[in-house]
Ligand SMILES: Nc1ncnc2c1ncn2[C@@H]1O[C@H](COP(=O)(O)OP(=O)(O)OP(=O)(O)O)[C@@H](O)[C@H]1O
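Below sits a lone chain in structure tokens, taken as the form predicted on its own.
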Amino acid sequence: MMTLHFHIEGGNFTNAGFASSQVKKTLKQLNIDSGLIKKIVIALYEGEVNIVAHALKGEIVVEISPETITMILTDEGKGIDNIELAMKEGFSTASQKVREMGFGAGMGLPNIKKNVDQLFIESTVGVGTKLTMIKQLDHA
């Protein structure tokens, strides 16, 4: 088992994507199927950008085993008021500033769900959110 840790700074769009880029490099070095890498990186990038756009700070932990990639994203932020609504394509609570930068289209959580095998969301309004994403490595 290999574990990677990343600290994410809320509002820092300059570094958004750093963690997912590093995970991509690591998975390539481990000779993981490129189709699987693409799905993992899409899901992780979406989650990473959500932390940057909606939280004060966050952490990403990626656990790589021979069978699965588990990505745990936790943040300290405003939390998700209505998870069911947040899962609908196009629904967004992103600020106008975030939207003007090209983010916040409301596709983050739906894209994550499409690219992983399991997605668990825990959120407390005013405290933060925890996403646990699991991707099996035995299929694309």
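Start at 1 and count along the sequence shown; that's the residue number. This structure is a prediction, so every number in the text was calculated from the model and none was measured.
Quick note: we don't show the form predicted together with the ligand, though the next part is all about it.
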*Give a yes/no on whether T129 approaches the ligand to within 4.5 Å in the model of the complex, heavy atoms considered.*
yes
*So, in the model of the complex, is N115 in contact with the ligand at a 4.5 angstroms heavy atom limit?*
no
*Would A86 sit within 4.5 Å of the ligand in the model of the complex, counting heavy atoms only?*
yes
*Would A43 count as a contact of the ligand in the model of the complex, using a 4.5 angstroms cut-off between non-hydrogen atoms?*
no
*Give, in sequence order, every residue of 85-105 that has a heavy atom within 4.5 Å of the ligand in the model of the complex, or say none if there are no such residues.*
A86, F91, S92, T93, A94, F103, G104, A105
